[in-house]
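Here we start with a single chain on its own, the form predicted on its own, put down as structure tokens.
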């Protein structure tokens, strides 16, 4: 495991370090102009073609390709100006101690530029047409500086939740995550600013579905089985992935992923384990390469006699499963290929809740504990 993350300590760069990195990017542009060089930015390319499967580290990582974004290149000038605009907004926010949302940054930078074109006609141009454009520019600044947007104080709609025998310190307050009552602690945007003071658990169980998490929390599964219970409520946000990564990396806890038995659940597992294609540049901080898929697997349908409790797979489910079979991180696993072939053959998917067939406590008292005890996970 990495030695770059000291156990439980705050893992984020300081505000002054973040500001210095952001300002240094802008200073390079000033130096170029002062020396008579047309201003340009060098940005690592964030495309599928520049995403590499690192077999040794079991991670999706960004390749070496970079793009030169020049102010005087008519094809790149808008994106160049968008990048400088967003950089100035983030620097201003850091200097003033603000924590804008990605939506606020979109509105803060949105404006109409009116001009006269080369034919003498009045024209106008939007700085960005929708939030996808401004979000992409924030990602460009992340890869150019090596900073997470969370380090830059940019917030998002965090949805992850966590509960278990664990004490953290956040903004000076000590919070005992085993004393949440029927609730759980909401994982905030800035996970690296949290100090994890103590963890007393044997493993981390990540549950895809929020409702299943609520059920397991209400049954005090984490207390009976001495684990940390986490949910990302579907496709996990960056904060949830970062928290899971920290628990694995800094405390050496095994991580088990529980999803529905369908191609989208399988992909959610792979996002936790190997990273996502769109955020491959952050896999080293967000992915947990030793995460294990606990279920529900296609072979569980017969093993746990769930025939008749399945749902017919759609063409979209089947297409997605075929895509997964072409990803090298699935291809390299004989067991995963067998499960995906079975999924395509049977054309049926199964939800976690289907185990209610055997009783409402079967999931928590039989399926999860025995699968872990008998090492019936898939990697």
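Positions refer to the first chain, counted from 1. Predicted model, so just to flag it, every value in this text is computed and none were measured.
Keep in mind the form predicted together with a further copy of the same chain is missing from the figure; the text below concerns it.
Taken together, the three residues 160, 190 and 308 all lie with some non-hydrogen atom within 4.5 angstroms of a further copy of the same chain in the model of the complex.
Residue heavy atoms within 4.5 Å of a further copy of the same chain in the model of the complex occur in exactly one stretch of 245-253, 293-301, 78-86, 182-190, and that stretch is 182-190. Using a 4.5 angstroms threshold between heavy atoms, residue 351 counts as touching a further copy of the same chain in the model of the complex. For residue 99, a non-hydrogen atom is located within 4.5 Å of a further copy of the same chain in the model of the complex, even though that partner is not displayed. For residue 285, no non-hydrogen atom is located within 4.5 Å of a further copy of the same chain in the model of the complex, even though that partner is not displayed.
Interface membership of residue 235, defined by any non-hydrogen atom within 4.5 Å of a further copy of the same chain in the model of the complex, is ruled out.
Interface residue among 147, 201, 229, 93, judged by heavy atoms within 4.5 Å of a further copy of the same chain in the model of the complex: 93.
Of the residues given (134, 217, 225, 276), 217 alone sits with a heavy atom within 4.5 Å of a further copy of the same chain in the model of the complex.
Heavy atoms closer than or equal to 4.5 Å to a further copy of the same chain in the model of the complex belong, across 338-361, to the residues 351, 353, 354, 356, 357, 358, 359, 360, 361, ordered by sequence position.
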